[in-house]
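This document opens with one chain alone, in structure tokens, the form predicted alone.
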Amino acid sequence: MKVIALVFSSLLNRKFTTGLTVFTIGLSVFLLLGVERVRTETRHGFTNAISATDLIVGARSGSVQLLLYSIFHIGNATNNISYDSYQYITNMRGVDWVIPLSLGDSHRGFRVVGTTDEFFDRYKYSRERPLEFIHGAPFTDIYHAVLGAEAAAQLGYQVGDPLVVAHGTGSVNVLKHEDKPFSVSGILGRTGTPLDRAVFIPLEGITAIHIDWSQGVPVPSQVVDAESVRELELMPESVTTLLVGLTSKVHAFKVQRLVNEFPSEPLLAIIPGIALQELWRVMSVAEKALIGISVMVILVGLAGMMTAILTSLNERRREIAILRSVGARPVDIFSLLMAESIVLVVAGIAWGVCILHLLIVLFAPMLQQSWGIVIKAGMLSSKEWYMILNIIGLAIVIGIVPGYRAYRYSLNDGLSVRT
């Protein structure tokens, strides 16, 4: 207890240097844990975004690109799938169900997804959890819309409120389908996936709003009002992507091969789990670089701590001599400096963890709104604790240097004859 009291008294006697060292180590720890938290939560969010879907089918491109635009609403499709191909795949042997998705429109910055009401029964996330409605119900009219939880919260919409779909996926939309407004029929519960930021409308609704458009622009001579559209055949000519469920997973590679060799048009079928692994391989280089930079910052912070302690040793030789005069042994002086190093690092770690959770609380909503990344404050994970223990271990190793110097000073000053 006396050693601990002595350590704190010594550190408090050098408030400015101690505070600066703790602050520097805290920032280093915050950077390391922050990178790890963002990496882990991002992977968790991507992994939980889709479940119980065996194949995703789209126009031939890259598997990662298809996964990103169809599930995570990042980027755009290179082409569409014809409606005939959609029906052919639906009738393939081994296929249990197929859900079409039509992308390319938006509402005030939120992606609009055209689909069927079966989507809300078939789509699963986070280990086959079903979608739930917190308000309203699925659409029962071609001008109904279902909102994800985040979209509803940010837009302030309730069931029954009107909304207008805009052409294109940009944040600023000049062309809008104002002549055919939709109304909110339901709001989904929060899932922590890109679904939270989506607006869902019937596939027939997508066809209806584009019935008098051509090449991405309205044709004034072919205007059809909202009610007259109901009397028309609203079968879409094409869809963007298909979510496919199989009767058995043993059919996955066979159906995938048949789709990839489809003669009528170039298509690509991917298995979501395999495509995710490919995505992680693409991202692994950047992840390792960020973690490497964070580790270097930690080492710089610990080196700064060692420098601060070493710099203060010459000024503390009188203090050490006094401790020797009251019975402290050289090993006690060594232990004192080691204890100071550990206390500084532990205080820095505590400060870094506090910064991390404070910034998560402050900026997590903005990250979710802008990037769709859900980061939660909470208990440290086992890997984060492992990192912290490694930092403390490094501090002990680095603390040996000033501890040994103090030990040598103690011996030299104890053995020298002062006149």
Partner chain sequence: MEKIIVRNTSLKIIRLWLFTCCTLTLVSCGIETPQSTNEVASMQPRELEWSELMPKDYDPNRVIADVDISEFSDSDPRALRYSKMLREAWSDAPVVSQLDGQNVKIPGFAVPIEYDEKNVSQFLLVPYFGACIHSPAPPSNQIINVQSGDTGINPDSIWDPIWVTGVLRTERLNTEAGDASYSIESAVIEPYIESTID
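This structure is a prediction, so every number in the text was calculated from the model and none was measured. Residue numbers count along the first chain shown, from 1.
Not pictured, yet referred to below: the form predicted together with the partner chain.
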| property | result |
| --- | --- |
| Partner contact for E278 in the predicted bound form: the partner chain, 4.5 angstroms, heavy atom | yes |
| is_contact(S61, the partner chain) in the predicted bound form, heavy atom dist at most 4.5 Å | no |
| 4.5 angstroms heavy atom contact with the partner chain in the predicted bound form for Q87 | no |
| Exercise: P272 in contact with the partner chain in the predicted bound form, heavy atom 4.5 Å | yes |
| V250, Q256 and R329 all contacting the partner chain in the predicted bound form, non-hydrogen atom within 4.5 Å | yes |
| Segment that reaches the partner chain in the predicted bound form - one of 110 to 118, 291 to 299, 230 to 238, 123 to 131, heavy atoms within 4.5 Å | 123 to 131 |
| The unique member of I360, I50, V35, M387 whose heavy atoms fall within 4.5 Å of the partner chain in the predicted bound form | I50 |
| Those residues of 79 to 103 which, in the predicted bound form, come within 4.5 Å of the partner chain by heavy atom | R93 |
